[in-house]
Each structure stands twice: as structure tokens, then as C-alpha cells.
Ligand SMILES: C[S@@+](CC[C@H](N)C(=O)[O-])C[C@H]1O[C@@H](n2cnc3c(N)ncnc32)[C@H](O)[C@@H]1O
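Here you get one chain, nothing else, as C-alpha cells; it is the form predicted alone.
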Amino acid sequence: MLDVGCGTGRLAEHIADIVGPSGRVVGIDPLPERIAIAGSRARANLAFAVGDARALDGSATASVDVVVLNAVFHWLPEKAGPLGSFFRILRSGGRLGMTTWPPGRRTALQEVRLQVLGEPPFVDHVRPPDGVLFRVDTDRMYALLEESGFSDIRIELRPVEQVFPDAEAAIRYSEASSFGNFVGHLPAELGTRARDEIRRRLQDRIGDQPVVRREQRMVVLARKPA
């Protein structure tokens, strides 16, 4: 099993517990800092390495039974290439499982962040496109999978609600899950200033209430034909 974008390895560790000693789980992530943390979970049937969904040329064809991406697909600007790589490395009958975020309304934190980063002096620094721009809806997801050769495609939308006690907690979660893209494009001093301003404005917006994030999670299952 290959966990693409494994982060600090919690999901990969859980899956390694499921497959047991007769299986093998490998987790890859583009950030060395995350792999350094994940490495503490490694054992006989669980390994981690720095790697990218867009660069799987070193993985052997038909060498994997399952490919998993948890909250990763919406970070990929180009979809067909990675899907083609997943299809190639899967064995016949192998499975692909993903969770991702479909298009939807911006959260309060996303709105405040875009507002702050669109103002001087932060706007003078080119930032990468937001992950929301790389989201696809269910119809497009189905078409992408079908075009890549997958069959037995199942797609579900499931409601998700996350509650954070304050603006700081919401920002810390976003920083941890955004591959360094929260204010990472800014020089260190400006990044700190931008973060502080985002936190202040978000806290002013919500007052004494918690930050509530309501979205839909897309759950995707597909199979490589036998």
C-alpha cells in the first residue's frame, strides 16, 4: 500500500496495523520535516520516504495493491499525470482511495487570509494559487478517473464540521495541513506580521464564538481493471 502525501504518518501507521506482518505500507510526502516525524513510526511493515505524487517514475509498474491519498488531491494543480502514475503502479485489480475537498464556499479563515494577503505590503509578494483553485466536483472527478482507465468508480460527498476554540487554533490547523502554503511565500518577518493580522481580524469577526468550519468531504474509490 502506498500512502501519497502521508504527512506525519498517522494514517499509514493505522493501515500498517490492519495489513499486519504479511503486508507492507510505504508513506511518501514532499516535506522532509514531516517524513522526519513519520520515521519514528517506521517498523518492519511500514516505511517512509520523501516523495511527490507528481514524480513516481521510480516506482515499478504494477507493484502496488492500494494507493491512498488523504486530503491531498486538491493540492495537485494537474490531475491527469498523477492519476496516470497511480494507475501504472497499481497491479491489476488494485484499488485507489482518496478523500479530498470539492469546490464550495470559502471558510471565514480563507476569506480573511485572502483579504490580508491582498493588501500592502503582502500583496507585493507572489503567492502560489490557493488549494481551493485545484478542487474538482464529482462530475469532473468521475471523468478524470474514467479517462485514466479506472473502473468501479464510487464517489460520495459527506458533511464535515470542525470546531476550533479560537482564531489561533484554526490558524494552527490550517498551517499544519497546508504544506507550508498558509503564509509560507512571505519572508519570515512579513509572514509573522501577516499571520498576526489574519488572527486579529478573524478573532474580531467571530468575537467570543468558536471558529466553525462546515464543508463537504469527497470520498473516492476506484479500481484498476483486472
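In case it trips you up, residue 1 is the first one in the sequence shown, and so on. Computed from a predicted model, the values in this text were never measured in an experiment.
Not pictured, yet referred to below: the form predicted together with this ligand.
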Mind checking whether each of Arg34, Ala53 and Ser177 has a heavy atom within 4.5 Å of this ligand in the predicted complex? yes
Residue (of Ala108, Leu117, Ala71, Ile155) lying close to this ligand in the predicted complex, criterion heavy atoms within 4.5 Å: Ala71
Can you pick out, from Ile89, Val136, Leu76, Leu144, the residue that has a heavy atom within 4.5 Å of this ligand in the predicted complex? Leu76
Would Gly39 show up as a contact with this ligand in the predicted complex if we use heavy atoms at 4.5 Å? no
Check Gly191 for me: does it contact this ligand in the predicted complex (non-hydrogen atoms, 4.5 angstroms)? no
Is it the case that Cys6, even though its partner is missing from this view, gets within 4.5 Å of this ligand in the predicted complex, heavy atoms only? yes
What stretch, of 192-200, 164-172, 45-53, 59-67, brings heavy atoms to within 4.5 Å of this ligand in the predicted complex? 45-53
